[in-house]
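Below, in structure tokens: the form predicted on its own, a single chain.
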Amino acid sequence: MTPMDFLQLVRGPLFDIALTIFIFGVLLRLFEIIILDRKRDLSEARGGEFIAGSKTIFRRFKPDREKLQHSPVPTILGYIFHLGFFICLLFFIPHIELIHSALGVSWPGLPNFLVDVVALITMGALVGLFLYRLTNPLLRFLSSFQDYFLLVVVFLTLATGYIAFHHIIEPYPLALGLHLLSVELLLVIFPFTKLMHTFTVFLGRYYNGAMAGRRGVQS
């Protein structure tokens, strides 16, 4: 198989399969969560649910002061990773052009050199999180294979993208194919791992805030 054959394979049938698994997997997981049989709260409502739930979604983006004091390293690295990955995914001009060609929507991107810096910082944060799990006794005890595996897969997605863009590996079709393959692996495992919290975190925050608002307290 030539590098071009490999690229055509991963950008064609393999990408279609990965995207299908991702979409149906996410919809299935969300459906399972939404139809969970929760006991109806028969107590008298002391406040509104919608506003309280919506506020909780955005309020919890702010770093928790107590968490920062007791676990500053993983907390800071976690914020750097999430923000950096978001920037690389949605504000890298080639990604925006790909989204525009597929969905017909676009937005301004960031200069390539700036995304480069963000990508390197994000990869550094991922390495830091990996090492912290290995060296912190409590976190190492609580960590599963999935925790380490997800860090590696996300790191590979960023690293192969950086390598492909800078033509560090030649020929270019091979480098681009490796990046797409890592993205497809991420799509396939996404609905069935802790990565799903990308969606469920908003549902969970809203539910907790809404229940607290109903009781007249702040979540």
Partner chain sequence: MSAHITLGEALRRRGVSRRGFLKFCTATASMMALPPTMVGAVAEALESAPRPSVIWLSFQECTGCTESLTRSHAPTVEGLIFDHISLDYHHTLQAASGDAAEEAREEAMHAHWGNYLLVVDGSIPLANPGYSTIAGMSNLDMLKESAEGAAAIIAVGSCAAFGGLPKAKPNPTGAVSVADIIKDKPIINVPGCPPVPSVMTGVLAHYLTFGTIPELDVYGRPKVFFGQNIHDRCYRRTFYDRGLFAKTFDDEGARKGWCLYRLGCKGPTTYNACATMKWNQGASWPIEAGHGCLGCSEPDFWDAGGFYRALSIPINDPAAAIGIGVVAGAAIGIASGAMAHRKKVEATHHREPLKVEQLEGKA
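All values derive from a computational prediction rather than experimental measurement. Numbering follows the first chain given and starts at 1. We call the rigid core whatever largest set of C-alpha positions still superposes within 1.5 Å between the two forms.
In what follows, reference is made to the form predicted in complex with the partner chain, a form of this protein that is not presented.
**Student:** Decide whether F165 counts as a contact residue for the partner chain in the model of the complex under a heavy atom distance cut-off of 4.5 Å.
**Tutor:** Heavy-atom contact with the partner chain at 4.5 Å: present for F165.
**Student:** State yes or no: in the model of the complex, is some non-hydrogen atom of S101 no more than 4.5 angstroms from a non-hydrogen atom of the partner chain?
**Tutor:** Because a heavy atom of S101 falls inside 4.5 Å of the partner chain in the model of the complex, the answer is yes.
**Student:** Answer with yes or no whether I87 is in contact with the partner chain in the model of the complex, where contact means some heavy atom within 4.5 Å.
**Tutor:** Heavy-atom contact with the partner chain at 4.5 Å: absent for I87.
**Student:** Would I93 show up as a contact with the partner chain in the model of the complex if we use heavy atoms at 4.5 Å?
**Tutor:** It does: once the partner chain is placed as it appears in the model of the complex, I93 has a heavy atom within 4.5 Å of it.
**Student:** What residues, if any, in 1-20 have a non-hydrogen atom within 4.5 angstroms of the partner chain in the model of the complex?
**Tutor:** Sequence-ordered list: T2, P3, M4, D5, L7, Q8, R11, G12, P13, F15, D16, L19, T20.
**Student:** 2 Å or more on the CA of S101 between this form and the one not shown, with the rigid core superposed, yes or no?
**Tutor:** Yes.
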